[in-house]
Structure formats: structure tokens, C-alpha cells
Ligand SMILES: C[S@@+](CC[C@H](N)C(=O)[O-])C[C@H]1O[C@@H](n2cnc3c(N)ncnc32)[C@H](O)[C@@H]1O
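Only one chain is included here, represented as C-alpha cells and corresponding to the form predicted alone.
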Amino acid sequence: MSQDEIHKPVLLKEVLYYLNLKKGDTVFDGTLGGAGHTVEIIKAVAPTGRVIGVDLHSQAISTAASKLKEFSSMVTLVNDNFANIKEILRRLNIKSVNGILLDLGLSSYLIEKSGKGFSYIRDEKLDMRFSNSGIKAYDVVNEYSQESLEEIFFKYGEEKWAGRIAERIVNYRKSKDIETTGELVEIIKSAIPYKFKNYRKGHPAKRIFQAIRIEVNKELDNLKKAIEDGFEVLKSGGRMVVISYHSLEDRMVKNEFLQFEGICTCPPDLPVCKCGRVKRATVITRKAVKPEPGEIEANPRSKSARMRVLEKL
């Protein structure tokens, strides 16, 4: 199975509509992935526009290079973290962009083909890194204290049984290291009380794998930096489109966007605003945009997608 066959761009029609692109625009696509969004964005800004396609995963870059060969004069591919948007544009001598797209979903290729242990239904080495540097999931699971594990499971996974799972992990690794996703899944399953197993939505390891992945890749920190720095390089009238897939991401995007809109955060009984918020943008989507039933049927992984859009004044 090729990357093209397993990658389906989420909310493609909506992304193109809300980016509101024109011929000649410059767009920063911070999550290149299978380049499904990128191809259509290039078509929207052709023939004089430009797209900067960024991805941390080197395989995504090489695959996209082949897929986008016919558009090579209009696209620049960069193997980097989208959080480094300012530095990436500086290196390319680009001062500002008309649009920014961040699709925060885990690439289908990473899940299906990378062998890095992103999936809890495959028995693979504990890695979970988007790139090939930094700490691995193995390091988190085998070296973090029980208290630290409990904290990230609760904070990043919103896991009810964070304490029990952290305790089981620490007890297990006293006899041997936890080396594979299969081992970790069994430990997680053993920590959840039997009477609650049939009342949980989704796989019992889903929240823990999410939490470890976020910790390994510093996803929320990078998202916050990308939104804040991205806004600074966005032209007046330009739009930022962010697609998130779990409540932590969506909440951060929503709150960051509201800050740019200048929403006062002072207590309601305060007679004069003291927070000093200034309106710098307009939130285009008052409610998150969700996939239509037809898209969810064709691509079940799109079900949890939530898209928010901001336009800079």
C-alpha cells in the first residue's frame, strides 16, 4: 500500500474555502503529510503563487517531492518543525504569507508504515518520534518517575486511571524494560478495573498513547509557538486554518484565536478593562467546522477533526 492510497486529506473542500486564496498568494503548509491539501492549494495560487511545505518526517518530504514534481517551480519543501515558521521563512527570504495551514492529525503513513510504534494495534518498538532526534517513547515509559507518568497521562491523555496505569508501568519495569507497544498495551489493560473495561469508548490504550506521543514530540508547546509566531508573519487579510483531532489541541487553538481577537479577560464586575487586549484578528469560525457524514463514511479517521479559522486584521 502506497502513501497515496492510505492518505486522505481531511476537510479538503472546507480548507480551500476558508483559506480564501488568490492567484499569486504565498501559503505556509506546516503539515505536509501526503501532500493532499498541498496539491490543491498549489492549484489555487498557480501559476504565480508559492507554497512552503513543511514536515518533520523525512519520508513525507521525499514522497511529496515525487508527487509535486510537476509543481516544482511553485513549491518549496522543508524538513523541519512547523513551530520554526519564522526561521524557515527567514531562511527562504520570505517576510510574510497570505495563508497558513496546520493539519495536526497523525499521518496515516506514520500509523501504517513508519514502524515507530504510533499504533496500539501493532506490536512495534516504542519510539513515537515524528523526527529521528530527541527522546523516544521508550525513554518516557522506562525512565520517567511514577509521579511524572501519572501527570502526563492525566494532563495529555485525560486518563481517568492515570495513577493505576503509572503504578503498573513502574512495577513492571522493575523486572525488565518495556520495549514494545504490545507490552505497554497489556500493562495498560491490566491496570483498568475489569468492571469498567466494557464502558470505555475506544481502545483502552488510546489515551495513554496520545499522552506519550504529545510528551515525546512536545506537540502542545510547538502548536502554541506555531500559532503565535505564524500570526506575526501572516499578512493583513491573511488566514490561519488549524485542524485538530482531540480536545486539548482544539481548546488551545480556540483560546489562542480568542486572544488575537482581543476578547477581554477581566472579571465581569471590573468597571474598566485592565487586561489591555487589543483586537488584532477576527475569528471566522464561531464554532469548529466538522466533517460531513459522507466524508466520515469515506474516511473514518476524519471523525474527530475540528477546524478553526482566523483572519488577521
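Heads up: residue numbers just count along the shown sequence, starting at 1. As the structure is a prediction and not an experimental result, all values here were calculated from the model.
As for the form predicted together with the named molecule, it is not shown, yet the points below apply to it.
Residue heavy atoms within 4.5 Å of the named molecule in the model of the complex occur in exactly one stretch of 148 to 156, 167 to 175, 73 to 81, 188 to 196, and that stretch is 73 to 81.
Proximity of Phe231 to the named molecule in the model of the complex falls outside the 4.5 Å heavy atom cutoff. Residue contact check for Tyr144: none of its heavy atoms lie within 4.5 Å of the named molecule in the model of the complex. In the model of the complex, Ala35 approaches the named molecule with a heavy atom inside 4.5 Å. Remark: Pro291 does not count among the residues lining the named molecule in the model of the complex, judged by a heavy atom distance of 4.5 Å or less. Proximity to the named molecule in the model of the complex, defined as a heavy atom within 4.5 Å, holds among Thr63, Thr31, Ser244, Thr26 only for Thr31.
Of the listed positions (Trp161, Tyr138, Phe130, Phe209), a single one reaches within 4.5 angstroms of the named molecule by any non-hydrogen atom in the model of the complex, namely Phe130. The partner is not shown here, but in the model of the complex the stretch 217 to 245 reaches within 4.5 angstroms of the named molecule through a heavy atom at Asn222 alone.
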